[in-house]
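The data below hold one chain only, encoded as structure tokens and taken in the form predicted on its own.
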Amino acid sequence: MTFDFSGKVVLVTGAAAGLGFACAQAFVTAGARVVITDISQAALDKAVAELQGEGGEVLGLLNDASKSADVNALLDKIVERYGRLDIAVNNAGTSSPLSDFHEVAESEFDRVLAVNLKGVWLCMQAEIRQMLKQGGGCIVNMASATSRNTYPGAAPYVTSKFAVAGLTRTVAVDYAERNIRINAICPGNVATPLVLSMVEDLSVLSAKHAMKRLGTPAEVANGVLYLASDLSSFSTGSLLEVDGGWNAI
């Protein structure tokens, strides 16, 4: 199956690497005009060059999704350049070192929630304001298999992803009659460059899934494209699991 997003303006936050880059790459392949963001200028420049080398129309903008001024300025720049925003993938996120709950510092909790939850909140607000002006749009949030499950020692991260799931479903209902669809994707453990560089024994992660393997970034991106496409036109407030059966066990 191939997707066609020709002429569509797509925003993917946190897209310089990993799942965000895979999503941006998939939208480029499907003909979209893609705006990508990241907090690292060097990483952003590298990603833009690679995507443009594949023939994509790509705009890279430095952005911190946890800051409202940054997010509002981002939307202004997109609208100034393209006049609209059709699809937004709120992917920017961070992880946290595994730690016993009673040892987690308040600053670490604040850091993870600021990016993973507040960042999605702020992006959705700005995106929805624009989508209301133009008559509709589609939002896909990056949740997690841990939006429905747990992971030992990862309380800040799991808390943030449960919250993203709840936020997605609540706001989707609020705007369901205003031609804005809002869904979330829930990946399991995925073989991103970061995961491969951090984890020595991948079998520990693989064992979480019924398929006994890690997912690929492209498999997650396929799910995002489905949620962003007209093939999912009757879906809003859904949490699409792309987790190799993790939450079915």
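Just count from 1 along the sequence shown to find any residue number. Predicted model only: the values in this text are computed from it and were never measured.
The next section is about a form of this same protein that is not shown, the form predicted together with a small molecule.
Contact of Ser144 with the small molecule in the model of the complex (heavy atom, 4.5 Å) | Within the cut-off, so yes.
Is Phe162 close enough to the small molecule in the model of the complex to count, meaning some heavy atom within 4.5 Å?
-> It does not: once the small molecule is placed as it appears in the model of the complex, Phe162 has no heavy atom within 4.5 Å of it.
Tell me, yes or no, whether Asn183 is in contact with the small molecule in the model of the complex, where a contact means a heavy atom of each within 4.5 Å.
-> No, Asn183 is distant from the partner.
Spell out, yes or no, whether the shortest heavy atom distance between Ala16 and the small molecule in the model of the complex is within 4.5 Å.
-> Contact check for Ala16: yes, within 4.5 Å of the small molecule in the model of the complex.
Select from the listed residues Met211, Val195, Ala218, Leu59 the one whose heavy atoms reach within 4.5 Å of the small molecule in the model of the complex.
-> So the residue touching the small molecule in the model of the complex, by this definition, is Val195.
So in the model of the complex, are Ala92, Val115 and Gly188 all sitting within 4.5 Å of the small molecule, heavy atoms only?
-> Every residue of the candidate spot has a heavy atom within 4.5 Å of the small molecule in the model of the complex.
Region of this chain that lies against the small molecule in the model of the complex, out of 96-104, 77-85, 173-181, 135-143 [heavy atom, 4.5 Å] = Going through the listed ranges, the match is 135-143.
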